[in-house]
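Same chain, two forms, each on its own as structure tokens: structure 1, then structure 2.
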Structure 1
């Protein structure tokens, strides 16, 4: 029953939140409620005032009114500790499905005041507390679980505090405009699939590089001085440049049509594994999906293009 009402409450919040890249916490979007200690203090004040009225004791009246004043001061300073904070949505590095995405939230203040014991997170149980001195900024990594590929929208963010006395709890729910790209979960295919994928596509070849000596060729304007064979030049054999090559490994073209017999999500997970494995193995590879073809290549940018195509494939 408790979880049911919690879900209803969060649904009610989501319907009223407007996604924004920057949010300023102020009176219209900050809520304040007594904590457990606040209710206990209220009960003590009521008992003291009842006793003071019953016995007509001026010292008891004074004690009760002092406690009420402390309560109002606690309410004011607790609210002021959160008011004026500015929340900005930062970036989020891509992750694979099943991993935890880390959204960056930058916090600053529109007031020359410090903000202490402030918690930021996606729920009350996952708050990250910090102190922010006047005129400084703070960056918080807010984790969020991932389950499927595609764009992951940043969920609502809770900002809360009980500073300074703990008798009141001030909080604000906000929705920041940020998202994270989630790649498919890499799943290794079985041996039968690996034997069939790219069959006849691999080829070992060499290309210009700097690893192994290959031979000589005539000097060309623009060649590096390090490539010139000065020994041959000293022997009056003319000006020649040395050539080097490096192995380019195997070349592969991974196609979604090769896995037409299995579920689409499983096929994309297999392709994700093959692409990542080819990159780590220093191989040249390409990717062909429905309506999309990425020519063969290698490197971090090429891998990011392939993984993004897999993540956003309809």
Structure 2
């Protein structure tokens, strides 16, 4: 029953919400409901008023009335704690499918007031609470699970608070305009598969992945930062790059067509593994997907380009 209404509410709110890069929480998009504790307080107040009537006890009446007044005022206070909060969608670094994407949400305020014990998250059960003093900002990483490659849009964000009196729950669902690139889940292909890798263009059939240290050579622009021998640099011996045995000769061209016999997603996962591994082993590699060809290269940028192509492959 409860879930039914929750689903209905979420459907309704999804229709209402327009995703935008920045949201200011205000009257229009904040909801306020009495909490369970608010109902408990109401019950106590009724009890007090009945007792007051029965005993004709005016001090008991005063207690009941002051509690009613505070109850209504606490609505304002709870609302004010959330109103004026500004949510800004920050970036989200790409992740591999199966990992948790974490969207950065930066929070600030248009009011000169602080916002206390506010929770931000994708659901009521997964709220990250924080205090925000007046005039300060706060950054929250909102985690979101990933299952498949491609663009992951930021789901609804819940902003909720019970501060200061717990009698009311104030909350706001927002859609922030942010997305996260999800790479395919890297899966290590077995040996039989590896045997077909790079056919045609690769000039070496060695299996990638064995990191044998070969020796130093002078630094050339374009060398990966990882190759630089920082120990030598620290000893003021100048910049040198370390060389690995395969890196000189191995170059790869991974093709989706090589794995045409298996499921597309599995093939992409294998390719993802191969690309990442090649980069780690400082090999030169390229990628050929249906309609896309990335020439051989190396480096973080190259890797990112390859992974993005894999992630967004139709």
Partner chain sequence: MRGYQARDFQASPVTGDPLLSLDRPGVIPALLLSQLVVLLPLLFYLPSWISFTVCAVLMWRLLAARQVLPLPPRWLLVLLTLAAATAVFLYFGTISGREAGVSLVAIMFSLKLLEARHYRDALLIISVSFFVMVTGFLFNQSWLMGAYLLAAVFVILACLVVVNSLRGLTGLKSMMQMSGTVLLLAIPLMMVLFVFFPRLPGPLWRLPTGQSAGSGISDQIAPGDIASLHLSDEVAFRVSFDDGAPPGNGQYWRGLVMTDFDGLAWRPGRDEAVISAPPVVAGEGLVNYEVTLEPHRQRWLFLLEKPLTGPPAARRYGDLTWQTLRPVREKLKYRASSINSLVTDPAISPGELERNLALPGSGNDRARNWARDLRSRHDNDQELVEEILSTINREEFYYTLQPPVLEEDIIDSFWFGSRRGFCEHYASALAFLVRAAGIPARLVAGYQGGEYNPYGDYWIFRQSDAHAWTEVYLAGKGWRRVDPTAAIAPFRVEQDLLTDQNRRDHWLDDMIGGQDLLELPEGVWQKLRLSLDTIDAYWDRWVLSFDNETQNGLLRALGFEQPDLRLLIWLMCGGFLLVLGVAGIGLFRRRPEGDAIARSYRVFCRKLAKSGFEKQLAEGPADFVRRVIAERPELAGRIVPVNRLYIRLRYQTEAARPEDIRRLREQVRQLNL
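Numbering follows the first chain given and starts at 1. Since this is a predicted model, take the numbers as computed values, not measurements. Heads up, when I say rigid core I mean the largest set of C-alphas that superpose within 1.5 Å between the two forms.
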Pair member that is the form predicted together with the partner chain: 2
Rigid core fit then residue 260 CA moved by 2 Å or more between structures 1 and 2: no
Give the C-alpha shift of residue 8 between structures 1 and 2, in Å, after superposing the two forms on their rigid core. 3.1
